[in-house]
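Just one chain is shown here, as structure tokens, and it is the form predicted alone.
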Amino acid sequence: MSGRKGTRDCVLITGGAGFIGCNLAHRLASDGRKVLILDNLSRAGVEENLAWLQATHGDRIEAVVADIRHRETVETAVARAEQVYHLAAQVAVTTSVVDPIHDFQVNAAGTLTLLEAIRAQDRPPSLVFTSTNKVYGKLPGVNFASTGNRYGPKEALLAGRGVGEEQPLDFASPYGCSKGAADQYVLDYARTFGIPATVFRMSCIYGPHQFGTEDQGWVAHFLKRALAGEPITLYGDGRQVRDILFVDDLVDAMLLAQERIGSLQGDAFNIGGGTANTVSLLELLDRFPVLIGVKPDVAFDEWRPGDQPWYVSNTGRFFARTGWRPQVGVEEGLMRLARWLSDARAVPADRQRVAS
């Protein structure tokens, strides 16, 4: 493949109008970087994130409204990029079950389109790709027990440390397959073609600018429903445990990964709140009376495909390589998200574009 030269004048964030992308773009632009956002704005609410970014940072934020599958647009954007954060994705397990072909085209084929555009450059920009803990499936071989309002593994060492990168991959659900395929392509392009790239296998991220839905972004979804006085449906028995990570801590990790890409190239890292920041669905709801003054009505439904009874990240590998660890605890993080959601609801619709 022949090399290409471009004017490197920006950081490219695919999916940059989404929840994580918006927070990352805000941090980069606040530090004086020019940010190019490539996003098709298909997710409800993200146009508000983009408008807020542009109102806050002016010409430091440039947006291209396009799909990650559009090869020519992706190539043009990559040619300008010093660094790339690839966040654009179909993000819901439930949607992937309904339309597996679309899920594959966006997550796997879209990532391959981006990788080829990066490979075509004389100096390939460095890449951080956001994968998912769903690449480990339901953690086959791990036995779980229920204690009180939460599940946990019977193996004490695993319970104390969390899931490490040595856990065998076991893609579950079309979403797990498509993100897992993209995960492996990124690692292989780093190793085979020398692209400076690393993979984050992320647990549950939450924080401001998250428009959570029933299918994805459950922490924000629960808080939104509760603040609106609406009931919440739990799929399964609610004892499912996750390690939740506040978005500011994730942004710190992403910036560190770019800064140290030379030593991280070709490796994958589990990124989440770790054992210090775990919560079950039921435990989260139990916090609501103190957090926001209400506890919503709850209904239960069947387990959904690919749902894990318990998943907690062992972030030790990334800590050993970079010194990163989460700084925002569950109580503080939930309070900050609840405050943002409350403020956003209180702002009239015609002023929401500049709400913070």
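If you're wondering where the values come from, they're calculated on a predicted model, not measured in any experiment. Position 1 is the first residue in the sequence shown; the rest follow in order.
Here the subject shifts to the form predicted in complex with a small molecule, a form of this protein not shown in this document.
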Exercise. Counting only heavy atoms and a 4.5 Å cutoff, which of 221-229, 114-122, 128-136, 183-191 contacts the small molecule in the predicted complex?
Worked result: 128-136
Exercise. Exactly one of 202, 261, 284, 93 has a non-hydrogen atom within 4.5 Å of the small molecule in the predicted complex; which residue is it?
Worked result: 202
Problem set entry | Position in contact with the small molecule when the complex is considered in the predicted complex, options 89, 253, 241, 79, heavy atoms within 4.5 Å | 89
For this session: Examine residue 269 and determine whether its closest non-hydrogen atom to the small molecule in the predicted complex is within 4.5 angstroms.
Result: no
Exercise. Quick one: does residue 40 come within 4.5 Å of the small molecule in the predicted complex, counting heavy atoms only?
Worked result: yes
Problem set entry | residue 106 within 4.5 Å of the small molecule in the predicted complex, heavy atoms | yes
Exercise. Taking 4.5 angstroms as the cut-off for heavy atoms, does residue 292 touch the small molecule in the predicted complex?
Worked result: no
